[in-house]
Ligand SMILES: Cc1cc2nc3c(=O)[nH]c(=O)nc-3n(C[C@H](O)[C@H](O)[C@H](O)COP(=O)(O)OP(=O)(O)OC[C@H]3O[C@@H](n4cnc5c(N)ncnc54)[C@H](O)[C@@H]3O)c2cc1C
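What follows is a single chain, given as structure tokens, in the form predicted on its own.
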């Protein structure tokens, strides 16, 4: 993942997981399965150097000027509106948008992608660092975070079922196992995704359409893992989007993956593995695979839905909401989630 600012780094420092992280070179490698071409897009270079070096095959100086369109954007524009006619749309803008926003460029808000570019790409190499776990995200984020919060007064395995109001204020929180009476001096933070939040607050107008993120993990033999010579690969003209190499595993991420929701896991694995074999130019076998689907990973981050979240945030509540979806200036990412938690605490102080 790209570090848009220091919030992700600070979070890992807080829960004591910095040693489980590694920083990869800040460049992206691509493979076009249709054209059988490979290239590298280096974020270590300045914008001027990138434009002058034409990293993508069969491109010219003017193709890279499309990045300048993101300096000034309107809130109703989609990424496709801005760069859909660019010669590097398929090779760069589409995979980047899918990776950052889990939304097709035809629907994705250009303003949100512009905000990301302004805090990463436009600010230079040190703001485009790619963090990866040495082993997996469980040991880097989940396990350290759980260990950290278990030391606090937190109750687990209790779902919030209902909210009772009195005179316009929350009087009770009804959980599966108990009811908590709310005093006027109490402060409440709701860290709940929009789908569940609407069950508790049906009057809120929030996005209702979502995109799936699909991850396919393959375990390989030691001799075959070395065929994948780059740590991160972006795939073009494929079902696969991004591939990450981790020890004896390769992990493939597919964004905007709703089309896979009704497909059998084995069928998906076969489709993706065929593309991996084409990349290494050799028919090899995997030892095992695992598929993880998050069917409501993010809401579709379109201009209309971003505006809906913006209008929601303008309302005044005697309580606070947290979650990646509440950060209407950034896409729904780990960064946005951490920032929302930080802001929620600041709003209560």
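As the structure is a computational prediction, the values presented were derived from the model and not from experiment. Numbering follows the first chain given and starts at 1.
One more form of this protein, predicted together with the named molecule, exists but is not displayed; see below.
*Asks:* Heavy atoms within 4.5 Å of the named molecule in the model of the complex: does residue 82 have any?
*Replies:* Residue 82 lies outside the contact set for the named molecule.
*Asks:* Is there a non-hydrogen atom of residue 297 within 4.5 angstroms of a non-hydrogen atom of the named molecule in the model of the complex?
*Replies:* Residue-level check for residue 297: yes, a contact with the named molecule.
*Asks:* Even though the named molecule is not shown here, does residue 159 get within 4.5 Å of it in the model of the complex, heavy atoms only?
*Replies:* Looking in the model of the complex, residue contacts with the named molecule include residue 159, since a heavy atom lies within 4.5 Å.
*Asks:* Taking heavy atoms only, is residue 323 within 4.5 angstroms of the named molecule in the model of the complex?
*Replies:* Looking in the model of the complex, residue contacts with the named molecule include residue 323, since a heavy atom lies within 4.5 Å.
*Asks:* Select from the listed residues 182, 96, 192, 245 the one whose heavy atoms reach within 4.5 Å of the named molecule in the model of the complex.
*Replies:* Of the candidates 182, 96, 192, 245, 192 is the one lying within 4.5 Å of the named molecule in the model of the complex.
*Asks:* Heavy atom within 4.5 Å of the named molecule in the model of the complex: which of 120, 104, 111, 215 fits that? Just give me the one.
*Replies:* Exactly one residue meets the criterion: 215.
*Asks:* Please pick out the stretch from 235-243, 151-159, 74-82, 122-130 that is in contact with the named molecule in the model of the complex, where contact means heavy atoms within 4.5 Å.
*Replies:* Contact-bearing stretch, as computed: 151-159.
*Asks:* Taking the named molecule as it sits in the model of the complex, which residues of 321-342 have a non-hydrogen atom within 4.5 Å of it? Please list them.
*Replies:* Contacts from 321-342: 323, 324, 332, 333, 334, 335, 337.
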